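This document starts with one chain, in the form predicted on its own, laid out as structure tokens.
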């Protein structure tokens, strides 16, 4: 796993407003914004404001922050009109496709997903 500190983390910079993003929603603990390289017609990233490298690390550090990420992800799906038809994906580690080592959840929708294909 590649280590990123809040100082050099892309998502920390987006959360801080240092890098612009297309924000969809925000809570006290999390921010949701559109992915710049979407894998589906609706592709929103939900990130905690707290920097932790993975969802597992976030769970160990703060159950409240972890719960908030998933609450906001569900709210994003509702706001996007796909509350009953969306997929949430978490990648952990570079071998699983994680490229930004700040915990985050992908909310994907707007396409017909099948059991055997994740995106």
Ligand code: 5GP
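Numbering follows the first chain given and starts at 1. Given the structure is predicted, the values throughout are model-derived calculations rather than measurements.
In what follows, reference is made to the form predicted together with the ligand, a form of this protein that is not presented.
- Mapping the unseen interface onto this chain, residue 100 counts among the residues with a heavy atom inside 4.5 Å of the ligand in the predicted bound form.
- Within this chain, residue 75 is remote from the site of the ligand in the predicted bound form, having no heavy atom within 4.5 Å.
- Residue contact check for residue 43: one or more of its heavy atoms lie within 4.5 Å of the ligand in the predicted bound form.
- Although the partner is absent from this view, residue 13 stays clear of the ligand in the predicted bound form, with no non-hydrogen atom inside 4.5 angstroms.
- No residue in the set 27, 51 and 62 has a non-hydrogen atom no more than 4.5 Å from the ligand in the predicted bound form.
- Comment: 31-39 is the region of 54-62, 80-88, 31-39, 67-75 lying near the ligand in the predicted bound form, near meaning a non-hydrogen atom within 4.5 Å.
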